[in-house]
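In the block that follows, a single chain appears as structure tokens, in the form predicted on its own.
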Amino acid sequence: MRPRPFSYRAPTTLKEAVEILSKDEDSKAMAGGQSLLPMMKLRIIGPSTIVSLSKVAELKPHVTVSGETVKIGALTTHDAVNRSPDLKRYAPLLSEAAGHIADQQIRNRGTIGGNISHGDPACNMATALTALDATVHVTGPEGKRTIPIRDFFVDTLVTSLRQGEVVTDVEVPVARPGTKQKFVKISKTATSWPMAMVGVSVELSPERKVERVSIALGVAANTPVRATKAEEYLIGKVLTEEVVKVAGDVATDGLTPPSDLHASSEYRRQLLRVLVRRALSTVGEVS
């Protein structure tokens, strides 16, 4: 199917891009286009104007370590996130999640900013950034603002971005000493819709007790979900086989994931339970 007719704009400055997007409510920003274009071809959406961000000088791809945080430019591709030595060292969960996105062609084109702006709860980056307590930096007609990732995703394909706002950077904390991270995902093929995904970040004491932990569940609701009760349960405990098993149960207790042609709600909940246990067993080296 072909998309509806549309105008194409390619501004070279962020100010120009914001002006175009803020004046036309029916316009859409495009980074790599890996989420937007398929929806246009299926005529799920039909924007009147596409505003390409690829030539915007302020949005050049980058991964920058500064003090206790790592900042990733919005146009940084999934492949670059996956291969970045700094992210492998300081935020390995994000690097691993990027490596699990579809196939190499999509990772070469898709960007971290475009991925989260799409607002899809089945996106790897949404789950990974939720687990990492990321901050999203945006610029719009009223200036710059920062949005905690917990407030960024509002509903399926809905974010807290206002008319004309563009994601410029995503910021995550540097992994503290003793921290281990893991991203796990189940889908029928590399490019098919995921059935479930989980991201965990665990800081262990020298005695191997859990000091800090975050668990994010993807495809578990209309937005990524933090398993806060399981996180509270794990604090102060050593990750044994029994502790990991209980954590999986607590993380998915009361959860009602969506049903679709890929998995029923009940099956998806079971997958999430298994993935939580699998991720925690990996970081805790539970045999």
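Throughout, we count residues from 1 along the sequence that is shown. This is a predicted model, so every value here is computed, not measured.
Unshown form predicted together with a small molecule; subsequent notes refer to it.
Site residues L53, S117 and E165 are all in contact with the small molecule in the predicted bound form, judged by any heavy atom within 4.5 Å. Mapping the unseen interface onto this chain, A29 counts among the residues with a heavy atom inside 4.5 Å of the small molecule in the predicted bound form. Although the partner is absent here, A74 lies within 4.5 Å of the small molecule in the predicted bound form, judged by heavy atoms. Although the partner is absent here, V225 is not a contact residue: none of its heavy atoms lies within 4.5 angstroms of the small molecule in the predicted bound form.
Among heavy atoms of G33, some come within 4.5 Å of the small molecule in the predicted bound form.
Checking L204, I147, A122, A80 against the small molecule in the predicted bound form, a heavy atom within 4.5 Å turns up for just one residue: A122. The partner is absent here; in the predicted bound form, the one residue of L93, A134, I101, A216 having a heavy atom within 4.5 Å of the small molecule is I101.
Note on the interface: of 234 to 242, 33 to 41, 247 to 255, 64 to 72, the segment with non-hydrogen atoms within 4.5 angstroms of the small molecule in the predicted bound form is 33 to 41.
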